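Single chain ahead, by itself, as structure tokens, in the form predicted on its own.
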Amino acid sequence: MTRYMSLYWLFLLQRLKALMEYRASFILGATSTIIWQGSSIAAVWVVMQNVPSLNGWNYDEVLMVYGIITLAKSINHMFADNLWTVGRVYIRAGGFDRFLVRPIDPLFHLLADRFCQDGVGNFIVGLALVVKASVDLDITWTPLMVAMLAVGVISGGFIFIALNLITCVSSFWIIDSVPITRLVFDNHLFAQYPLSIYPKAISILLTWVIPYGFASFYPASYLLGREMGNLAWVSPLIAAFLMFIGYRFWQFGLKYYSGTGS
């Protein structure tokens, strides 16, 4: 574990040096995400101006949900964005084969190969939303609540990573796994709002099948003192289980990967 942490730090430093060669591009990449998120938040504001309460949730409470899932998504965006491109960029062009001839785990190498600066913008937006919602709702933070925020965000990040990993494995057979990954990933848009506003079937789907609710609704419910909030402590178990499944899927796909040929 120590070896891989040291290696990742070296990969990250090299990536940051490369990004800093084009500082304008780095800044534009981070700020473009902030602008895009701003348009999405504006849409939430418009909705809440016309419907001040969504099944008992006000605007600032919805922002808390939105902020937490944005923080969780930023972890995936910064550290695991390569899962989106494994087929298009690496397998199709033959670059994936180099991961197989080096003395480190291929999945680790894939993830460490690219740090995505766009995720920094997501992190800034998510943190700003949580802070704003906390101030407007007059939340008094306790050590346990801070711990829950950290647990929810980190677990949520791994839930995003695991679901993307599970779906990206299809690239070993169909090359371009983006449509399949997006089919699952886009369900997180529902989890930007409280799950209690949806029909029960959707709530169950986003809790136990595609569990993005553990990256947003349940941690937010705990911080807001709402019913079902204690379920947020299950988030690490959900994340660990999905990561285990995702890694086993990855190993299965890797076993049957035959290369690009010549």
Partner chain sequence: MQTLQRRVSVYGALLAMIPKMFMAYQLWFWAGLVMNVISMSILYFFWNAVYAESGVISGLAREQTINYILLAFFFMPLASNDLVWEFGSNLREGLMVHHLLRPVNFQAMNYVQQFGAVLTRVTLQIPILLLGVFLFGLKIPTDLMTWLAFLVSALLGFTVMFFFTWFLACFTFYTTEIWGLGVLIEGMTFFLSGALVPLAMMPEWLRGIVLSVPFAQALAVPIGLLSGITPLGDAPRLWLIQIAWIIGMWIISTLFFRVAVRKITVQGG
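Here the structure is a predicted model, which means the values were calculated and not measured. Residue numbers count along the first chain shown, from 1.
Beyond the structure shown, there is the form predicted together with its partner chain, which is absent from this document and is the topic of what follows.
**Student:** Only one of these stretches, 175-183, 148-156, 75-83, 94-102, has heavy atoms within 4.5 Å of its partner chain in the model of the complex; which one is it?
**Tutor:** Careful reading of the contacts points to 175-183.
**Student:** Given that its partner chain is left out here, which of 46, 234, 204, 228 has a heavy atom within 4.5 Å of it in the model of the complex?
**Tutor:** Going through each option in turn, the one that passes is 46.
**Student:** May I ask you to state whether residue 134 is within 4.5 Å of its partner chain in the model of the complex, using heavy atom distances?
**Tutor:** Judged by the heavy-atom cut-off of 4.5 Å, residue 134 is well away from its partner chain in the model of the complex.
**Student:** Although the partner isn't part of this model, could you tell me whether residue 208 comes within 4.5 Å of its partner chain in the model of the complex, counting any heavy atom of the residue?
**Tutor:** Judged by the heavy-atom cut-off of 4.5 Å, residue 208 is well away from its partner chain in the model of the complex.
**Student:** Does residue 127 make contact with its partner chain in the model of the complex, using a 4.5 Å heavy atom cut-off?
**Tutor:** Judged by the heavy-atom cut-off of 4.5 Å, residue 127 is well away from its partner chain in the model of the complex.
**Student:** Residue-level question: is residue 90 within 4.5 Å of its partner chain in the model of the complex, judged on heavy atoms?
**Tutor:** Taking the distances in the model of the complex, the answer for residue 90 is no, it never comes within 4.5 Å of its partner chain.
**Student:** Are 42, 52 and 189 jointly within 4.5 Å of its partner chain in the model of the complex, each by at least one heavy atom?
**Tutor:** The answer is yes; 42, 52 and 189 each reach its partner chain.
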